[in-house]
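First, one chain by itself in structure tokens, the form predicted alone.
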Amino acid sequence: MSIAAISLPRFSRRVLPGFGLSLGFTLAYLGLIVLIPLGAAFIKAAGLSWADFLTAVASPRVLASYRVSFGISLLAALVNGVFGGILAWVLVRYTFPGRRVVDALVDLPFALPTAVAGIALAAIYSKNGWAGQWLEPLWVGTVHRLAGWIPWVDWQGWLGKTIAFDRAGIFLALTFVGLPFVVRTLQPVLAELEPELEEAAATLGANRWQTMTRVILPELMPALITGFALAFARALGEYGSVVFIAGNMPMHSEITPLLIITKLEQYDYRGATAIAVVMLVTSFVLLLLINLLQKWSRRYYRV
């Protein structure tokens, strides 16, 4: 019998073991970390009757916290989408002194504890802070001017009377924590975007605005929507950095995560889980819609 006739076992070149073991470990890990905690929230909330559930999730104080959390999170994500895109463009397309320092500072909200960020923002933008002492009069004057121009809108109720310890402070904190998601999502796409596309558009007679809207923006749109979704989801669940600068006034500047913590401190576990379930379902639906929009944008811009 020759050596060539001996059939040697074929060794798999995969780093991880077989598909069955890898899939089983993945599902077990996902279940322990994500599915079981989320399922426990639904089970706990299911102990409430329908009337008690509606009372817990639709009281005036809870509805006011929904408006604050979702409204300011959406506004912060939109602002991050604009200015985060500009920051990513500058970091990728231009070389300047201190570029690496600026690029490293983008990741600061990832590494900085949220409580530290909230305390720092409150100290900086408070009435006696080094930035707040200059910005506070401008902010108050702007709110008063808006109230004079459009008197039928409650500008103080919407924008707040101060920067720190009001709704403007919530906006600052949510913008701070959400900015890296937009920048880091756009940077790889911008790095792969060939400058020759812009040169070709210029040779065909396109001006800068047409090049930006018809050549560059369609390529960035899927990544921009993804970054917006990540920033919105991050802001929606933020607690640590907001609680120190929000003022936490019920019916005005109280966010929904703080209301959940308040109910837990009052041993109202079912009420807290009921609000958490509403936030979870709403967040899932919004993220699903954004993902569908992202999928549509990819198909549309490829045509």
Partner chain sequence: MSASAPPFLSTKRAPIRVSGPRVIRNPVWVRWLFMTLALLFVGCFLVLPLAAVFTEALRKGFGPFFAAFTDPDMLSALRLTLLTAAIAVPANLVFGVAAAWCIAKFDFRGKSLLITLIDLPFAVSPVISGLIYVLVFGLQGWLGPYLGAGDHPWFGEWLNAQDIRIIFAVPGIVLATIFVTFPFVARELIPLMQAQGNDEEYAALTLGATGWQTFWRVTVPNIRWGLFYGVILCNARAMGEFGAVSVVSGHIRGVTNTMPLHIEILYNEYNFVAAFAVSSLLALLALVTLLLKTLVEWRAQKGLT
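Positions refer to the first chain, counted from 1. Computed from a predicted model, the values in this text were never measured in an experiment.
Keep in mind that the form predicted in complex with the partner chain is missing from the display, and what follows is about it.
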Query raised in the report: Heavy atoms within 4.5 Å of the partner chain in the model of the complex: does Ser59 have any?
Result: no
Query raised in the report: So in the model of the complex, does any heavy atom of Ala46 sit within 4.5 Å of the partner chain?
Result: no
Query - Ile86: touches the partner chain in the model of the complex, heavy atom cutoff 4.5 angstroms - result: yes
**Report entry** Any non-hydrogen atom of Lys161 within 4.5 angstroms of the partner chain in the model of the complex
**Finding:** no
Query - One residue of Leu63, Leu54, Met249, Ile36 in contact with the partner chain, assessed in the model of the complex (non-hydrogen atom, 4.5 angstroms) - result: Ile36
Report summary line: Answer among 67-75, 136-144, 151-159, 117-125 for heavy atoms within 4.5 Å of the partner chain in the model of the complex: the stretch 117-125
Query raised in the report: Going by heavy atoms, what in 22-37 lies within 4.5 angstroms of the partner chain in the model of the complex?
Result: Ser22, Leu23, Phe25, Thr26, Leu27, Tyr29, Leu30, Ile33, Val34, Leu35, Ile36, Pro37
Query raised in the report: By 3 Å or more, the Cα spacing of Ala111 and Leu286 differs in the model of the complex; is it closer or farther than in this view?
Result: closer
